[in-house]
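A lone chain, given as structure tokens: the form predicted on its own.
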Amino acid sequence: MAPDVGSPAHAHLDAAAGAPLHPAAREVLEAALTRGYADPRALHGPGRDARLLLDNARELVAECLGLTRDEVWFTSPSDAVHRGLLGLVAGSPRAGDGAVLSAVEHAAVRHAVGWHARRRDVVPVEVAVDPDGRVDPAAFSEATRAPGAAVAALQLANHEVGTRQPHERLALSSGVPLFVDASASLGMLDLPRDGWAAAAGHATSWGGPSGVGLLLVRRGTRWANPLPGDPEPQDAGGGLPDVAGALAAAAALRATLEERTEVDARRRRLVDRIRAVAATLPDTEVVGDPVDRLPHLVTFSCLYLGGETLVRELDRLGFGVASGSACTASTLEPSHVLAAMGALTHGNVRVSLGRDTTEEQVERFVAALPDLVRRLRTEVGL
């Protein structure tokens, strides 16, 4: 019988998909729910209270990210990606509607680009990546010089293998704005100092509420709402924002940044331990840059085994991990990220450590993994 979730015997090693609220977020959320329930656009007292909380959240996030308050908007995670990216196309003064993106972008980016391409009858340009999952900055920059290019999208770091992208070495064509999907990495990695026009973040990556996203639009950017609603950036796309969630997300971001050096150094050390053990398994490929990466994440693929089988059996042993494409695992489709890297697309396991993951949990995991892989291969006749 699998250990109960939440029990000391169960280790949640899928923090990239969702993790417990940071204590700072939990404390603020409970207080904000009492005061932040009203429509912050309303003129009555409760509405003004909600507006004050929302403004405080925006100010805190802006301070944490080195932005101004009018560059920060709270919405859902997917809406932040869709409006952020498509709004740059809608506001572009350039002729054409083409998009340039890396071959390893998150499904939310790919869906937004695909939807736009079908409506405008254009073909997006996907830039290939190396075996670590990183674009060549010269090739990516050159792709933006093609006629009709109106926007470029390059993630901050990959959500499946952790590899950081080379933003500091990009030289995009003048007038082609850059959208940065930082949904998997904000709070662990800093946004590029310059060179980007809009970005998206997901509060779950820094211990905030999972339903809160950040839409960041730099001052002076040509951005126009590509979907129904007000033409300028709005919280919740013009709907009713989650005031308490926004304030909790802001508090979690500040707390995460304050403790980042210590927490991420520990997680990086534990991930290195997992990488080292996985690399000793026969016919197993550890993917992603071993150094220039997210500190908490590692993916490896075991030849001859199915990823869903590994996930199920690891769960029976008390370890919650992910497999398949991290954003479409329920379909059990091969990962487009691993395929683009030329890596094994089956039998893959993604391990991502939370701020509270312990050394003891990781040691139990690496002790159980070799025997499990050996047993499963024996069961299929290998």
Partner chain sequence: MTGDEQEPVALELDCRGMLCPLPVIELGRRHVEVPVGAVVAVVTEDPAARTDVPAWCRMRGQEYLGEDSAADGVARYLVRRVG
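Positions refer to the first chain, counted from 1. Being a predicted model, the structure only gives us computed values, none of them experimental.
Form predicted together with the partner chain: not shown, discussed below.
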property: Interface residue in the model of the complex among 58, 346, 51, 355, criterion: non-hydrogen atom within 4.5 angstroms of the partner chain; result: 346
property: Listed residue (306, 166, 239, 231) with a non-hydrogen atom within 4.5 angstroms of the partner chain in the model of the complex; result: 306
property: Contact label in the model of the complex: residue 333 to the partner chain, heavy atom within 4.5 Å; result: yes
property: Proximity of residue 342 to the partner chain in the model of the complex, heavy atoms at 4.5 Å; result: yes
property: Close approach of residue 285 to the partner chain in the model of the complex, 4.5 Å, heavy atom; result: yes
property: Which of 276-284, 119-127, 139-147, 207-215 sits within 4.5 Å of the partner chain in the model of the complex, heavy atom basis; result: 276-284
property: Heavy atom within 4.5 Å of the partner chain in the model of the complex - qualifying residues of 353-380; result: 380
